[in-house]
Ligand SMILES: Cc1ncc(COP(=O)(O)O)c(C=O)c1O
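Below you will find one chain, with nothing else, as structure tokens; this is the form predicted on its own, and questions on how it binds or moves follow later.
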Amino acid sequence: MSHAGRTIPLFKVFMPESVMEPLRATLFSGYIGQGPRVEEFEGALSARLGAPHALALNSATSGLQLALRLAGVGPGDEVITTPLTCAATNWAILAQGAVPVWADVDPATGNLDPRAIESLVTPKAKAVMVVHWGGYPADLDETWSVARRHGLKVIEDAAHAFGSTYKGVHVGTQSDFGVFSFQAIKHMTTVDGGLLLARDASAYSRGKRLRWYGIDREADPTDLRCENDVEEWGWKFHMNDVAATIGLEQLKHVDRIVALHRDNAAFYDRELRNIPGVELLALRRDRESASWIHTIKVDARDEFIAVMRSRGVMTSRVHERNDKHSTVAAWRRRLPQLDAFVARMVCIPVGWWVSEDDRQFIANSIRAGW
């Protein structure tokens, strides 16, 4: 079995040709740093997500570290988090000098299991980091409930989840902080970039300063090129107008992109039922995934990956569980539900580039066995 001599990729960059005209205008405008296009992009994102406090950044990784700092996380503090994510999620915790406290996952979804949080709370705990794996929203109500009882901030890593909704509301907009990724292969891209949403207006104002060295760029300077007094140092985390210009054009297409991902995911959820050796992840009616990646659980997973590759279908686990890495060896703990999930999980192509013929071929390839 082969697929016309080509491989169906797991990821592909979407870039509309229409981006060239506005991009050329920005490149030759004389202003390519953080300027009017960034402000326009932030406004468009705020309106779309229903979130007034939006900060465009150079990456979601920067957004996570900024969110942790705004949440009061510093050296020696603890952040309860999932190991099943991109390393950026938890390396941001390390960058703040804090400790990742690994929580087990829900084996039905791969998301952090809110039932695991309570027993992990200590006087050093400051925040909970929630990841919407593959775009499927985590159990936010339960997480918020535990966090409120213990005075913890909740940070949503929504890097996979632009377009995902929880009880009819965009993810990332109701917790203390929400972070989105516009990295190259996401639903929409600014080449590299990210977005931080802050629920609190004061955190937003502080974050706006900290993304640019701590400088208040809205204050009237006494010298055009010299900043006023900096009360708190910050980073160079801001987005630039070139990236924002690409983002503004991408926003015109993202609804269609997300819809195609969802349609392909729904196809697999219909076609892959009741296949021996295949288990689908759980779906609940109160949330909708943006389906950035589509995860299934299979027996003999490594053999599955090899056979699918031989048939021209790219598959992968996408992210290594973070707690396996040497740099965090000191904090390893037993996570039986994660062990069981990771042993069988694999992601299959689901994106906008997967045609009806492609997805049927993928389904038939899985049905044929490995």
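Model, not experiment: these values are computed from the prediction. In case it trips you up, residue 1 is the first one in the sequence shown, and so on.
There is also a form predicted in complex with this ligand; it is not shown, and the following applies to it.
Peer 1: Ala98, His325 and Val328 - do all three of these have some heavy atom no more than 4.5 Å from this ligand in the model of the complex?
Peer 2: No, none of Ala98, His325 and Val328 comes within 4.5 Å of this ligand in the model of the complex.
Peer 1: Can you work out which of Pro83, Gly172, Gly193, Gly110 has a heavy atom no more than 4.5 Å from this ligand in the model of the complex?
Peer 2: The residue from Pro83, Gly172, Gly193, Gly110 that makes the contact is Gly193.
Peer 1: Which listed residue (Met239, Val131, Leu197, Ala290) meets the criterion of a heavy atom within 4.5 Å of this ligand in the model of the complex?
Peer 2: Exactly one listed residue reaches within 4.5 Å, namely Val131.
Peer 1: Evaluate Ser205 for contact with this ligand in the model of the complex, applying a 4.5 angstroms cut-off between non-hydrogen atoms, and reply yes or no.
Peer 2: Although this ligand is absent here, Ser205 would stay clear of it in the model of the complex, with no heavy atoms inside 4.5 Å.
Peer 1: Tell me, yes or no, whether Thr165 is in contact with this ligand in the model of the complex, where a contact means a heavy atom of each within 4.5 Å.
Peer 2: It does not: once this ligand is placed as it appears in the model of the complex, Thr165 has no heavy atom within 4.5 Å of it.
Peer 1: Is there a heavy atom of Ser59 no more than 4.5 Å from a heavy atom of this ligand in the model of the complex?
Peer 2: Result yes; Ser59 sits at the interface with this ligand in the model of the complex.
Peer 1: I'd like to know if Ala159 sits close to this ligand in the model of the complex, meaning any non-hydrogen atom pair within 4.5 angstroms.
Peer 2: Close contact exists here: in the model of the complex, Ala159 approaches this ligand to within 4.5 Å, heavy atoms only.
Peer 1: Could you tell me which of 37-45, 331-339, 306-314, 59-67 sits within 4.5 Å of this ligand in the model of the complex, going by non-hydrogen atoms?
Peer 2: Heavy-atom contact with the partner occurs in 59-67.
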